[in-house]
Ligand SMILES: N[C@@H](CCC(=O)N[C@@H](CS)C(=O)NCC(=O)O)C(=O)O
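Next up: a single chain in structure tokens, the form predicted alone.
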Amino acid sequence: MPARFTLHGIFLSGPVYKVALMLSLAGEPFDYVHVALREGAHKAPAHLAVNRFGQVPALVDNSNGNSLAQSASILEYLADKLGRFGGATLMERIRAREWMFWEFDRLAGPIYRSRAAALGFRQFDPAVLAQYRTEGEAALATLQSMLAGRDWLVGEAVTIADIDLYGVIHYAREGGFDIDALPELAAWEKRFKALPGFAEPEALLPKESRTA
């Protein structure tokens, strides 16, 4: 019998990790389908049936047949369906969504691309890479200032905003960013990693498909 959720992705992906992390923090086991991007599996009809954009992650809710795309949207769906991490009030829900939009606009690109360059996955002109560094450091400085005097990004408890942003911050060091030089951000990271159900990507995302 399949688990309620099936996650389609690849072990190197930050957005896939966000979804796996949300499920793990919620105590929700999931089946996992490895998508071989280098072999073009993400463009095959079978994958396009669950993610029309031909990307990862994709999440299938086996309880109702819904297929979800885009990590931020998936996190919102899971918060609604599982009743976890969505925010205690309407305004907390909206503030969490604001953070997720900000993350996509300001944080994810510089961090993920710097990481990809450092690991040899992509090549950029040095001037472009320097610009990513500047943009990434500016975004991290914003986080540092916003976390001053706070445990979490929104309200008094963890929300999908924290999960979404952690799924980027986790990879910042691989991109050459010094999180430890930002004490408020480093303390938030430490609190997040102490949450029940937290797991590193290698514990959640195998290199091949598996069932829960």
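Remember, it's a predicted structure, so these values are computed and weren't measured experimentally. From 1 onward, residues are counted along the sequence shown.
Below: the form predicted together with this ligand, not depicted.
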Decide whether residue 37 counts as a contact residue for this ligand in the model of the complex under a heavy atom distance cut-off of 4.5 Å.
-> yes
Should residue 104 be classed as touching this ligand in the model of the complex when contacts are defined as heavy atoms within 4.5 Å?
-> yes
Report whether the minimum heavy atom distance between residue 42 and this ligand in the model of the complex is within 4.5 Å.
-> yes
Contact between residue 71 and this ligand in the model of the complex at 4.5 Å, heavy atoms?
-> yes
Give a yes or no on whether each residue among 167, 201 and 206 has a heavy atom within 4.5 Å of this ligand in the model of the complex.
-> no
Heavy atoms within 4.5 Å of this ligand in the model of the complex: which stretch among 181-189, 139-147, 22-30, 55-63?
-> 55-63
